[in-house]
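Listed next as structure tokens is one chain, alone, in the form predicted alone.
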Amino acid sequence: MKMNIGYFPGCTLKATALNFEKSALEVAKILGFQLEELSQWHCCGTVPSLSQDDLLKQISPVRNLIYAQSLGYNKIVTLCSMCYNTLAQSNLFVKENKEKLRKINQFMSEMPDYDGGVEVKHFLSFLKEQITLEKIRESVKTSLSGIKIACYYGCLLLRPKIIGIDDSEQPKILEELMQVLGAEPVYFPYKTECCGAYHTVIKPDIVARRVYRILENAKENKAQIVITSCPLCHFNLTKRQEEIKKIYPDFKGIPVVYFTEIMLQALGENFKCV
């Protein structure tokens, strides 16, 4: 029986990360399940979540969880690391603070009360735990044998620890996934270093220098390609390569793609980035 999973896309997946969403939807289809986009959703609330207000910043993520709850989902999957981090932290916050959840529900009186019953999963965790790596291995049509890959996690999938999808210092979920596809994950000490995140808006030179160290570390360890699951990291790791060349003229670029794109290549589809 085909499995359908509630899917929260987030804003970037509908804008600059279209290839991330498109490749993930195709991967799901090949592996025998469907990501069903919530019929109603809005921004996860990540920018307000950067504020110090502990209550109002929960409104946007909780409202999205109410949408999922109203549609009958007890679990939703996200692709974007930022969306996952925001929704998972907010979900945990209201589950552990019943009085604050009551105030939030009261504030959004036009909507059904949120009962804390929706689980937020990142696509990587969902693949490993529910689809299983063995099932993915059996679905490979074109082994990635000979391809050396640097698995870049950044911050948001792993920190804070309480909502991290893997060990915050030595994660391995991406490496495990690449191995079942036949690829060779390389030793990559900078895989959990911050890419500079939103500083890219006002201090692109600082971000370029950080990205330079990350990408150089990947290349020093013989990586041919870098993979990620975060649209913001992807932007910094790709777009800031132009800035890096201005600062470090000898810098040689390296391809950076979403993990779902490399998966689709292994699963036999002739995928083209948008």
Partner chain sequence: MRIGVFVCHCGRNIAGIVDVKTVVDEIAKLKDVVFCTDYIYLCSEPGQKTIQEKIKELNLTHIIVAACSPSLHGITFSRAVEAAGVNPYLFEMVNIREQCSWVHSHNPELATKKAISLIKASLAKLRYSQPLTPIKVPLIQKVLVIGGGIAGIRVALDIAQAGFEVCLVEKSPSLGGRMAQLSETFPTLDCSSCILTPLMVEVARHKKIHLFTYAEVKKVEGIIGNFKVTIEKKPRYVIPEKCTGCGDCVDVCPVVVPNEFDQGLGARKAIYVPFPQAVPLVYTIDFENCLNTEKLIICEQCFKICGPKAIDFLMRPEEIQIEVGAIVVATGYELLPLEALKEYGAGEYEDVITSLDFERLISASGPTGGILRRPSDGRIPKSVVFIQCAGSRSPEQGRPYCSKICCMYTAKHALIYKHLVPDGEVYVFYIDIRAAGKRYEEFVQRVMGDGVLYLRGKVSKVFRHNEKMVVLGVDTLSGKTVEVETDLVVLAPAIIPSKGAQELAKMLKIPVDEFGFFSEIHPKLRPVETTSPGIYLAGAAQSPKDISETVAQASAAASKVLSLLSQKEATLEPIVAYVDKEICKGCGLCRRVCPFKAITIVREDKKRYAKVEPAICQGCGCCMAICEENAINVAGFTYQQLSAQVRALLEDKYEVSKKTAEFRKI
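Numbering follows the first chain given and starts at 1. Treat the numbers as computed from the prediction; the structure is a model and nothing was measured.
What comes next is about the form predicted together with its partner chain, which is not displayed.
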Check your understanding: Using 4.5 Å between non-hydrogen atoms, is residue 134 touching its partner chain in the predicted bound form?
Key -> no
Check your understanding: Any of the heavy atoms of residue 220 lying within 4.5 Å of its partner chain in the predicted bound form?
Key -> yes
Check your understanding: Does residue 109 reach its partner chain in the predicted bound form, with heavy atoms at most 4.5 Å apart?
Key -> no
Point to revise | Heavy atom of residue 99 within 4.5 Å of its partner chain in the predicted bound form | key: no
Review point. Mind checking whether each of 70, 72 and 113 has a heavy atom within 4.5 Å of its partner chain in the predicted bound form?
Key: no
Check your understanding: Where, among 240 to 248, 211 to 219, 225 to 233, 61 to 69, do residues come within 4.5 Å of its partner chain in the predicted bound form by heavy atom distance?
Key -> 211 to 219
Check your understanding: Heavy atom within 4.5 Å of its partner chain in the predicted bound form: which of 189, 182, 117, 160?
Key -> 189
Check your understanding: Even though the chain is shown alone, can you say which residues of 149 to 176 have a heavy atom within 4.5 Å of its partner chain in the predicted bound form?
Key -> 167, 169, 170
